[in-house]
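Just one chain is shown here, as structure tokens, and it is the form predicted on its own.
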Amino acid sequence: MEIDIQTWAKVAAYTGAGIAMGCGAVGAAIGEGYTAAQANFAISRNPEASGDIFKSMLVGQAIAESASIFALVIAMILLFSNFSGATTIAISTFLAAGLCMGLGAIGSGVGSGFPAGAACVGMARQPAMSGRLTTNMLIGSAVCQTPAIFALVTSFILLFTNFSDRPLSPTWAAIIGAGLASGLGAVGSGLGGGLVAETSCEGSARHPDTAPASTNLMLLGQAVTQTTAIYGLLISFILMFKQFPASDSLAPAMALLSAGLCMGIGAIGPGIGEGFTARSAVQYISRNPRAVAELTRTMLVGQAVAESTGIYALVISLVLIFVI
């Protein structure tokens, strides 16, 4: 049977859709399950607060679900695209879009479950703080979704940008690299941001007087954890929008693909590590409010050191794109 471009485009689109929804379901399901588990624990401690806990659980699960909804949107677009005018380069864009969104949804889905679960437990401990805990959970969970939104934006650009006027090689590798950079780069930031938000909810319930300081430090810590996802987005944009000269050699293509892999994988560890650092700072503010300044300074220095490894990955990715 003769295989034409349209057939290969369908194969890539269907594969990308499966990857997007398959991987996209992983993080959200774990985050939602963790939230429900913590809600059960909270209700067992304080059955009288079960109404507020149950509502908080549903709201938290809805936010965690959003990452998988992003994946569903990309999967549906891939499944029902018009393949009649597909070009050879479309094979790469369809596959890259699915990889990007599927991988990008994992960290945000899991991370959003952490503050939702902590808010449920906090309501059992401090029913009077239900409103404050819900607000804190919503803010923290929303920040966790930003890496998935980066992946969604990258996937949309891949799907709706016309790359047909560019040479097949090495453009195909740049496109795949862009999807990997943004998708993998979102994993660590989503998880790290969730760790910080979880402890902020716990601290606000244990010591309500420290809730404002805890929330402020949570947002600062989460902002730093998002930076490596931004590096991934930056490399993705360069790979998608920079014009690369045609080449029959495999080396330039591998350099561009490696740039995306380098930044994507290199962003995972810093995002999680910075989350651990900020999580500890937020936790101990609730125990010793007088040490806010010292804890903030230590957190930022510690996060900066962890960030350095992500910067190394960024530098190597840029060298692979512009020098090699």
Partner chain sequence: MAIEGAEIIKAASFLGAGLAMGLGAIGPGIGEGMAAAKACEAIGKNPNEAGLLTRTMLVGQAVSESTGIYSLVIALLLLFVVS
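These numbers come from a predicted model, not from an experiment. Numbering follows the first chain given and starts at 1.
Form predicted in complex with the partner chain: not shown, discussed below.
Judged by heavy atoms and a 4.5 Å cut-off, are 14, 84 and 92 together in contact with the partner chain in the model of the complex?
No, none of the three is in contact.
Taking heavy atoms and a 4.5 Å cut-off, does residue 316 contact the partner chain in the model of the complex?
Yes.
Is residue 49 close to the partner chain in the model of the complex, meaning a heavy atom pair under 4.5 Å apart or at it?
Taking the distances in the model of the complex, the answer for residue 49 is no, it never comes within 4.5 Å of the partner chain.
4.5 angstroms heavy atom contact with the partner chain in the model of the complex for residue 269:
Taking the distances in the model of the complex, the answer for residue 269 is yes, it comes within 4.5 Å of the partner chain.
Considering only heavy atoms, tell me if residue 18 and the partner chain come within 4.5 Å of each other in the model of the complex.
Judged by the heavy-atom cut-off of 4.5 Å, residue 18 is well away from the partner chain in the model of the complex.
Report the residue, out of 58, 37, 29, 261, that has at least one non-hydrogen atom within 4.5 angstroms of the partner chain in the model of the complex.
Filtering the options by heavy-atom distance leaves 261.
Tell me which stretch of 249 to 257, 229 to 237, 72 to 80, 134 to 142 has a heavy atom within 4.5 angstroms of the partner chain in the model of the complex.
In the other structure, the partner sits against 249 to 257.
Could you list which residues of 300 to 324 come within 4.5 Å of the partner chain in the model of the complex, counting heavy atoms only?
Stretch hits, in order: 301, 302, 305, 306, 308, 309, 312, 313, 316, 319, 320, 323, 324.
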